[in-house]
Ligand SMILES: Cc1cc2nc3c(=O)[nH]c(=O)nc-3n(C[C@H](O)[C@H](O)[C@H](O)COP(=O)(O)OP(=O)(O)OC[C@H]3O[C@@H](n4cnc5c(N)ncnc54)[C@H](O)[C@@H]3O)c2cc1C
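Here's a solo chain for you in structure tokens, the form predicted alone.
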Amino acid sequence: MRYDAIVVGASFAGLSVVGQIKGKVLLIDRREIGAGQTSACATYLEVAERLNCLESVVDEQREIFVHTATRSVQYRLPQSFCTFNYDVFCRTLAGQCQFEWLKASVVGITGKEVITDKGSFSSKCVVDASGWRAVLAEPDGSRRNPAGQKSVGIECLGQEKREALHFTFDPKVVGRGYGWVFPVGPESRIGVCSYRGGAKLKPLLADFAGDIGVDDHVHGGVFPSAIRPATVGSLFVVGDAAGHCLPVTGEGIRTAIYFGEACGRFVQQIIAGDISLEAGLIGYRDFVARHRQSFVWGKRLQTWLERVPTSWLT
């Protein structure tokens, strides 16, 4: 069961990697493609357009409001922002790729062999795009998301539509974090995020939603707020598994796609014999390193937002 490449994780990052590879590729995830949404599923319309995923778009906005405890400011976005259907987006993206699919839970990795509950599979090119858990890069969880390097967010569907995108930075909503309301068709996606993982967010979400009226389904999860190593041994790491999530806003879709495509290009060069595995790992690691400072400054801004008085934030 040998492959040119094995990619673990079938969301934004994993699918972006696979989309760049021509060869015998195995894509593994414990859920079906398009299932298990944790993201708020909002990004620039240009992203969906470039990826030929426009059919997944359910709403489009050009205005954004930022609210604090005492003031609201309205901005005109430089380009259209959209909310989209996660299942349709992922399945459309997957339909543009060539791979063998395996629904399985990954147990670990030994050398070049990925071990799952449905057998073992080997490749010299293995990519961990499994999300914040980083099941291959951090199998024992010993260095996974230490204190201060992870955020947690949850979201539900509101029964009333609010025009424009709304972000609320108010300690009465979340002490160290923010709330959001994104239009989606005739309804709204309402969520809260805490920069300190482990916060009990459901009561805060209920209070924030107020009279909008929400359904009982809540989804969300942990996402990193600090960049992590892009390679671990001979393993490529991408997306949330590598901390490719922007601090402050928690946006991880564009970064997952951006670094996922870059990772896939290096893997393709290795498969084609243009470069060695070692050169590919170095090239990808250097590519990510050139963007590291942006993540560092973003993290500093997030830390500042957590500590400043509300009057300063206003």
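Numbering starts at 1 and runs along the sequence shown. What you are looking at is a predicted structure, and each value in this text was computed from that prediction instead of being measured.
The discussion below concerns the form predicted in complex with the named molecule, not included here.
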### Query
in the model of the complex, does each residue in the set 9, 28 and 131 place a non-hydrogen atom within 4.5 angstroms of the named molecule?
yes
### Query
Looking at 139, 220, 229, 197, which is the one with a non-hydrogen atom within 4.5 Å of the named molecule in the model of the complex?
220
### Summary
Picking from 64, 248, 42, 277, the single residue whose non-hydrogen atoms come within 4.5 angstroms of the named molecule in the model of the complex is 42
### Message
Using a 4.5 Å heavy atom cut-off, which of 69 to 77, 221 to 229, 92 to 100, 118 to 126 contacts the named molecule in the model of the complex?
### Response
221 to 229
### Message
With the partner left out here, check for me: in the model of the complex, does some heavy atom of residue 267 sit within 4.5 Å of the named molecule?
### Response
no
### 4.5 Å heavy atom contact, residue 205 and the named molecule in the model of the complex
no
### Message
in the model of the complex, is there a heavy atom of the named molecule that lies within 4.5 Å of any heavy atom of residue 106, even though the partner is absent here?
### Response
yes
### Query
Is residue 17 close enough to touch the named molecule in the model of the complex, meaning at least one heavy atom pair within 4.5 Å?
no
### Message
Do any residues of 163 to 182 have a non-hydrogen atom within 4.5 angstroms of the named molecule in the model of the complex? If so, which ones, in sequence order?
### Response
180, 182
